[in-house]
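In the structure tokens that follow, the same protein chain appears in two forms, which are kept apart as structure 1 and structure 2.
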Structure 1
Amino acid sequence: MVRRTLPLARQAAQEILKGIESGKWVRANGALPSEAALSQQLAVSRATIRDALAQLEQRGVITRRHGAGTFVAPLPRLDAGLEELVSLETLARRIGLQTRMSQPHIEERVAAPIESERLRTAPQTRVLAIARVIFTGTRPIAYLVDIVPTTVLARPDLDKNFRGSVLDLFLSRRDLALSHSYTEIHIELASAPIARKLRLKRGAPLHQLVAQLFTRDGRIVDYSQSFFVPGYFSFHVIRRVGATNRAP
């Protein structure tokens, strides 16, 4: 095991995940090596292994049964629904979709009232607005707008590092510890300008995702609206039985 920089338990979780995906550690009945065995294999204590396994269990990768063992979660390869925050580019790549981005339209201006409210900043805060259309082949399939306060992302920084995804840009920065995004899912009828960009008739129904991106310390660093042409992306989400609403 390599160590430091990242908590050991997290590293172990990644290592175990690799072992699962490569099939190296999965026995015929779906069982994983015992915690003691994994502890030896990865040269970390059993407590750390248990921590790592707990992470994988919560993500739905494995199931543990007291007295029996640890098993890879049954069939439904359920990774990567909406509940995992990844960039559209990554998402598209995973389902084998080639995407291209239009020249982005970037402007610096003061935030609109809705924007400053959603960003929880003072009114009139200066922001960068980044808009672009995503294509597969020559067909436009999504229109994305990100609003970012200039205190978080300055124009030159953007110009230098923007590769199409604001999220990926943030993830690559060490000074921002991203936590999660609160994303609303709406149906929106295409307005004239959006219909034109996506080459649809006005009033065509669109998936609209409205998201606020949170850091670990509770700041909102991005407010985004995304419009998707139905049929190209299929959204799904894994809904878990909560710990709170179990039957008595």
Structure 2
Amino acid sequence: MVRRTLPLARQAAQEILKGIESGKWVRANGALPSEAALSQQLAVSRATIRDALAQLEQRGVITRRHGAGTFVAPLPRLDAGLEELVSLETLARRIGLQTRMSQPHIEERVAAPIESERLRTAPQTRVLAIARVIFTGTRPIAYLVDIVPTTVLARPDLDKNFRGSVLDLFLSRRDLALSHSYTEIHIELASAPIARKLRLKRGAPLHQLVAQLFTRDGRIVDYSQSFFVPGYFSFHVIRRVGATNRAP
């Protein structure tokens, strides 16, 4: 049921979007209920539903096919091989997907115990915490948090050219010789704050990557947590057959 405090079409669009994200109104072929069914479900007129669907179509959320109905638009999908260390922005550029970063939340503070442990630094180490949401169009698709010692990265280093990737920033520097990343892969249930940022229900499943970025001399210069909305990302790993299992 929509409320009467905002334009009805906008409210209806929000409710339909919630139904899409939860899967409540999406059939196996991606089709949505008819205008008449949505009108009955939301207790608004069919004209309001048509306006709401027009808004969602303009945002690229749905497509409407004459004589066939209304369908959820195909999701842009990033296929990432975890053997290669590249940023989300680089992956997006490779497939022609346009992304943008929300206004980042940047905070200089003392590292939390788990952050000091992951960075292998002394307690009370000062760090820069950089949190941001990545969008494609109007859709939030990832929430990224990097924790970096201030001896490695200072707030003034994040100038107006920062586009959301700490990795790309590090790769552009000559003073850092990056070696590899140790990455853990989890399925995490969205906490209330992250669910709000990604416009999901609390407890929705997310892909989570927890990573430590190493230099060639063994230092850890970044500890990061990345949360990805399922459906937009596909991760794969290529594993070679061990030498003992190869034919002579």
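All values reported here derive from a predicted model rather than from experimental measurement. Just so we're on the same page, residue numbers count up from 1 along structure 1's sequence. The term rigid core refers to the maximal set of C-alpha atoms that superpose within 1.5 Å between the two forms.
- One chain, two forms displayed separately, with the form predicted together with the DNA being the first of them, structure 1.
- Core-superposed comparison between structures 1 and 2: the C-alpha position of residue 27 differs by no less than 2 Å.
- For residue 51, the Cα coordinates differ by 2 angstroms or more between structures 1 and 2 after the core has been superposed.
- In a rigid-core overlay of the protein, residue 131 has its C-alpha displaced by under 2 Å between structures 1 and 2.
- A C-alpha shift of 62.4 Å is found for residue 67 between structures 1 and 2, based on superposition of the rigid core.
- Fit the two forms on the rigid core and the C-alpha of residue 158 turns out 2.3 Å off between structures 1 and 2.
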